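Here we start with a single chain on its own, the form predicted alone, put down as structure tokens.
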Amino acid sequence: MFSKATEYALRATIYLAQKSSEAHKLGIEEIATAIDSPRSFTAKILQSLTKDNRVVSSVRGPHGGFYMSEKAKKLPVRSILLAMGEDQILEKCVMGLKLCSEIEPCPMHAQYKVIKKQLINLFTSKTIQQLAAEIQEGVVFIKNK
């Protein structure tokens, strides 16, 4: 559904929400290993997430690294999609048609509009912190085994 970069961004952000704070920053190597992502690709993704401190914050230098503020942890998961430039995926036609609508529906429009509404609700109502808490509780995971 999403690009590989956005999939890794989701994993990285949830991991940061779980393990980091302003006092405890994480390095690229730890994040990449934890989310099962190539180091250089993870660095590029984190660069997108730190732009304007929208989702992730970073500090350079020997005591630097990446972290999430308490405020950022309360953001909806959809904010990650927005930072990665993939927010509109939730709004698009499942078949990629530009003019798909109630008036001119694609063959999957009627069934998919229900699913699309559920997806939008999921990504808007779930916070990054909630997903991190579920991982902490051992209910879900973010690394391939």
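Numbering starts at 1 and follows the sequence shown. Being a predicted model, the structure only gives us computed values, none of them experimental.
This protein has a second form, the form predicted together with another copy of the chain, left out of what is shown; the following refers to that one.
> Which single stretch, out of 24-32, 38-46, 66-74, 84-92, brings residue heavy atoms within 4.5 Å of another copy of the chain in the predicted complex?
Replying inline: Going by heavy atoms within 4.5 Å, the stretch is 84-92.
> If you check in the predicted complex, is G61 within 4.5 Å of another copy of the chain, heavy atoms only?
Replying inline: No - in the predicted complex, heavy atoms of G61 and another copy of the chain never come within 4.5 Å of each other.
>> If you apply a 4.5 angstroms heavy atom cut-off, which residues in 1-23 are near another copy of the chain in the predicted complex?
In response: The stretch 1-23, when checked against another copy of the chain in the predicted complex, contributes M1, F2, E7, L10, R11, I14 at the 4.5 Å heavy-atom cut-off.
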